[in-house]
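Before any questions on how it binds or moves, here is one chain, the form predicted on its own, in structure tokens.
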Amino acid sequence: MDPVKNPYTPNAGATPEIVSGRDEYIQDFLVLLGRLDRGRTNQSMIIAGLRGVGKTVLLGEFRQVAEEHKWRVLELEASKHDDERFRQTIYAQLRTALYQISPTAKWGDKAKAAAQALRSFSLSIEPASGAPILSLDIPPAEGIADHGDLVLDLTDVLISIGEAAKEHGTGLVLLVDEVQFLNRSQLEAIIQAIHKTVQKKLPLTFVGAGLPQIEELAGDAKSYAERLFKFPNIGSLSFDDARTALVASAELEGVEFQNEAIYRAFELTEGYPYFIQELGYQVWAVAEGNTITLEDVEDAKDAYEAKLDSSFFRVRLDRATPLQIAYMRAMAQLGPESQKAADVAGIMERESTQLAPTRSELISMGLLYTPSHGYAGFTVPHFDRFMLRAVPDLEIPPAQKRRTRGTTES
């Protein structure tokens, strides 16, 4: 069929034509904004889930909802940056947000105070970092956002901007993706700042998304995080929702699916949203006419797996050392479920203590997560299948002393 009309979008973070199975979370976000608009508080959310379940897409839906309700949006993809770089990034974003909340010609007292707080915040950023400064001749606030402590400074700034938003009849939502890559001080700063804006009933909130370990990370950063946020864990779609995502997209171009094709597509993808988009894209490329058949899905299977292997999966494997690859291959050999560290070590004929640094490195890289004590699972669905395809034989590097990523393994 015509590739230009292909309705499927297997791109990182791209919003599909049909967003299915996420209405509950969008409704929760609408309630959150509505209550904050009325000066009432409500738990925000940090969305957890594996790769490919649509967390970034859901944040994009939240952005659209916020903009429709005339809220301002700050979007940030967290990275493993030190606090200096984090200050620079968040400062630049908050500076833009303040201008969106109120153009300089319409600044009231609260907006001016927010600008002064931001100026104070900027003074702690090294000049060499290249961070922009406010273009107006605004003196820094004294004793506000100038403590040299990220937690205290960010709290002062967000309270000031929240008060400015309230003064101008709007609000600000911080949408932060890949929350697990924030270090403890950065996550602590955001959580405490949001906690203070909640106490003051300001129209400012934070919604994050990340891998399944983020609830534990947030709790470690601040014990009250579990009361401040909801932690919905999103996963694969039900059959009915997966069917909608697959079939309704095709119907936009006047194409239908045979039932057998739908069942086979669900079997191959297990309802994971990204996989549905990739399979739909490949099926569209091989199908002819206006009806997609079981044979079309079977014909597209090899291309579907090859595309996932070469992009979605391979990019993660390419970052790993030989010992890390061997560890993940041993996990895959044990099956798709989360695996006990001792069992993986047994497959590799090592002690768990010997492999603990390797396991920690893989968690830090975002390739594994720990659903419970002593267990680790892949953060990417079907990664076990890929490892068995990509590494047919388990090859364990010699146990002599060697350098891995930032760690000496012995």
Ligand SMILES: Nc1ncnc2c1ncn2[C@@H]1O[C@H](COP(=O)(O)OP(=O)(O)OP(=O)(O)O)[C@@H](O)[C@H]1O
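All values derive from a computational prediction rather than experimental measurement. Position 1 is the first residue in the sequence shown; the rest follow in order.
The following text describes the form predicted in complex with the named molecule, which does not appear among the structures shown.
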| query | finding |
| --- | --- |
| Contact at T9, V19 and R51 by the named molecule in the predicted bound form, all three, heavy atom at most 4.5 Å | yes |
| is_contact(L355, the named molecule) in the predicted bound form, heavy atom dist at most 4.5 Å | no |
| Touches the named molecule in the predicted bound form: S44 (any heavy atom, 4.5 Å) | no |
| Partner proximity in the predicted bound form: V391 to the named molecule, non-hydrogen atom cutoff 4.5 Å | no |
| Distance check, Q277 to the named molecule in the predicted bound form, heavy atom within 4.5 Å | yes |
| One residue of L323, A245, I194, V179 in contact with the named molecule, assessed in the predicted bound form (non-hydrogen atom, 4.5 angstroms) | A245 |
| Residue (of R359, K55, H382, R350) lying close to the named molecule in the predicted bound form, criterion heavy atoms within 4.5 Å | K55 |
| Stretch from 155-163, 259-267, 85-93, 237-245 whose residues place a heavy atom within 4.5 Å of the named molecule in the predicted bound form | 237-245 |
